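Quick setup: one chain, the form predicted alone, written in structure tokens, and binding and motion questions come after.
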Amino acid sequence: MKSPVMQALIQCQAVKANTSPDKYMGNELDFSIEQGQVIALLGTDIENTNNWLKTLAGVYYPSSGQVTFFGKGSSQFTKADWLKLRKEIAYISKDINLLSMLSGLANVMLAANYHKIANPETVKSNALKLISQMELAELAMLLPVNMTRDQQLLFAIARALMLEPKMLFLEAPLVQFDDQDSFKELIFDKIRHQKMTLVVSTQDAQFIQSYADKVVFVDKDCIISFNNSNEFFMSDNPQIKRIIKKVPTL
């Protein structure tokens, strides 16, 4: 008996990212992302890599090709479809973007109240529970300016998780996070447990080895997808070899 074919959450067909021509002049991307996978994007230019990350998340339109989200092509999306997508795909940029005049708790509740996930009392109760699970309860009433960068990132992730997204996209989280082991244990294990799909831009070889189900490498002249991390580390691409050699964690 054949195992059922899993439908891709995101399918790229002949896609080029929405980036300036001097940043990328290479081939098109044909690639799929399935439920529960961890996808690592890395490259020689972090801005270029994050442009691809935004394109895969539907934050940017592709400059060419078609990105299909949950079985529907983005070119067919209505305004309601895009609003729904922003609940199903959470994107956290390197700027984090917590509102400076709101407490950590209020920031976590913000998106859930905007999308009317539940009544305000239930949203607050769920936010307090999530903050407690993420060991942030003592910081709940602090303003972002009084938090460390690590803590701000965790509150931004908690805000995203309040919407119960199917996918979480993160721009270079390991660069921003000082206590990387704690971050990996708390966030990645939680995501694995919930079978949430995680897509990150990173140059951390240890993370790629330990967590990545698929790897996408972006250079100015090409984009290469790998079905697993072993394929990535066995690549003969000279740019990939140089990146791996630069990373002391491997």
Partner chain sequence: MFLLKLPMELSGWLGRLILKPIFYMINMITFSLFALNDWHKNHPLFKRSSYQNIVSQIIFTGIDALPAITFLALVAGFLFTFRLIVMLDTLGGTDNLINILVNVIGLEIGPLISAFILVSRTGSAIVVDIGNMKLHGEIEGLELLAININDYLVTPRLLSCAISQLALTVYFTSITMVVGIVLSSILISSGHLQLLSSLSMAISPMMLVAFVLKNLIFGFFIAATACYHGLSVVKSPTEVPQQTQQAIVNSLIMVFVLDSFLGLALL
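Numbering follows the first chain given and starts at 1. If you're wondering where the values come from, they're calculated on a predicted model, not measured in any experiment.
Absent from the display: the form predicted together with its partner chain. The rest refers to it.
Only one segment in the set 121-129, 85-93, 70-78, 134-142 has residues whose heavy atoms sit within 4.5 Å of its partner chain in the predicted complex; it is 85-93. Its partner chain is not shown here, but in the predicted complex it comes within 4.5 Å of a heavy atom of Leu110. Contact check for Lys214: no non-hydrogen atom falls within 4.5 Å of its partner chain in the predicted complex. A residue is said to contact a partner when one of its heavy atoms sits within 4.5 Å of a partner heavy atom; Ala160 meets this definition for its partner chain in the predicted complex. Taking the partner from elsewhere, Leu98 is found to have a heavy atom lying within 4.5 Å of its partner chain in the predicted complex.
The partner is absent here; in the predicted complex, the one residue of Val59, Ile46, Ile191, Cys222 having a heavy atom within 4.5 Å of its partner chain is Val59. Residues Leu102, Leu110, Ala111, Tyr114, His115 of 102-118 are found to place at least one heavy atom within 4.5 Å of its partner chain in the predicted complex.
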